[in-house]
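We begin with a single chain expressed as structure tokens, specifically the form predicted on its own.
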Amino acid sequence: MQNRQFILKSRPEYLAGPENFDLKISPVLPLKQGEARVAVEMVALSAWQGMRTKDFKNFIRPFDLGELIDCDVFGKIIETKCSDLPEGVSVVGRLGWQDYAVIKQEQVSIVSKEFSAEEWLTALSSPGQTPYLALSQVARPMPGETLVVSSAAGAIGVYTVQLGLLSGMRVIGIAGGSRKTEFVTTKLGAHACVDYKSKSFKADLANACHDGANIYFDLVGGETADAVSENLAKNAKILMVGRVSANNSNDPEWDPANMRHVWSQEATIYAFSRYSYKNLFPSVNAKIGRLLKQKLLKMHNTNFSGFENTPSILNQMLSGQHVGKVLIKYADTKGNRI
């Protein structure tokens, strides 16, 4: 057996692409006591992977040159020397772009067959947990309030919109292009969705937020966040969850914000990370799991196959070509590598 891995070759100036990664092929080594081998079946791509290919200070360190590209994966234990990780169980963990991972118990969580690989990597992971925790623990939405969600057609946005609607809120999405704005209204059920690429964006946003935004779920920052700040309701809450606009730029350290409207409306900014609520992950997943079973919460993913396609698909995702969470299958149902 051999193990394919993608490692960081060079740092991108703008968006990471195939030219920034090297394919490394190595023999699979014997396990040591306390270790297990995971066959990676599916990987989830995230915006933070592109961010970490650049060398700037953020909530998580950059990848080193020559380092395996990290990501959340779903896989199966095919060999073990650890009694707590029996052969045949399915696991999730941050194990990276590779065929096989050698792990210890603390690196993964064993998951049940009650949910699919896609559900474990989306609704029951960061995309679903992030908005559930941000809304329930920080924003505390009330029925009838207006929620504005940037990147509403993205991995986290699709669940934020749905959870906002389940909370009885009036939900306004922001997305790029007519395909995505139509998806947010017709598939997700948002009351409106405005196109940030449109020349009439600011006017359309003001019209959609006619009574002001009570909660702004900010995934991008930048000019989009500034436009929303002009439409805040009095005492609005801003959930600062991501800074994609700056992170994906060629100058990520430059991240300005117009605070004048935030001040004038006496709004409160909450910097949010789900990792501050790790102790709540099990209870949150139990609640999200019930919503999935009741079909009140639905997945909206973009699925691909093929290990060697990973770098190019990451570039597509970072450039905004796909809807929902982007997943790549690395093995077929029989465990054959793809």
Ligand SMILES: NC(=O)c1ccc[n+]([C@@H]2O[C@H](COP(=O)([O-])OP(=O)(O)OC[C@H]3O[C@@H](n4cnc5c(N)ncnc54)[C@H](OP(=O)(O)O)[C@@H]3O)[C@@H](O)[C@H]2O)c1
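Just so it is clear, the structure is predicted and the values come from calculations on it, not from any experiment. Residue indices: 1-based, along the sequence shown.
Unshown form predicted together with the named molecule; subsequent notes refer to it.
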Going by heavy atoms within 4.5 Å, which of 113-121, 214-222, 165-173, 259-267 lines up against the named molecule in the predicted complex? 214-222
Does the named molecule get within 4.5 angstroms of any non-hydrogen atom of Ser305 in the predicted complex? no
Heavy atoms within 4.5 Å of the named molecule in the predicted complex: does Ile156 have any? yes
Taking 4.5 angstroms as the cut-off for heavy atoms, does Phe272 touch the named molecule in the predicted complex? yes
Hey, in the predicted complex, does Met317 get a heavy atom within 4.5 angstroms of the named molecule? yes
Of the residues Phe183, Tyr132, Tyr196, Tyr100, which one places a heavy atom within 4.5 Å of the named molecule in the predicted complex? Tyr196
Would you kindly say which of Leu291, Ile313, Ala47, Ile69 lies with a heavy atom within 4.5 Å of the named molecule in the predicted complex? Ala47
Judged by heavy atom distances of 4.5 Å or less, which residues of 239-259 approach the named molecule in the predicted complex? Val241, Gly242, Arg243, Val244, Ser245, Asn247, Asn248
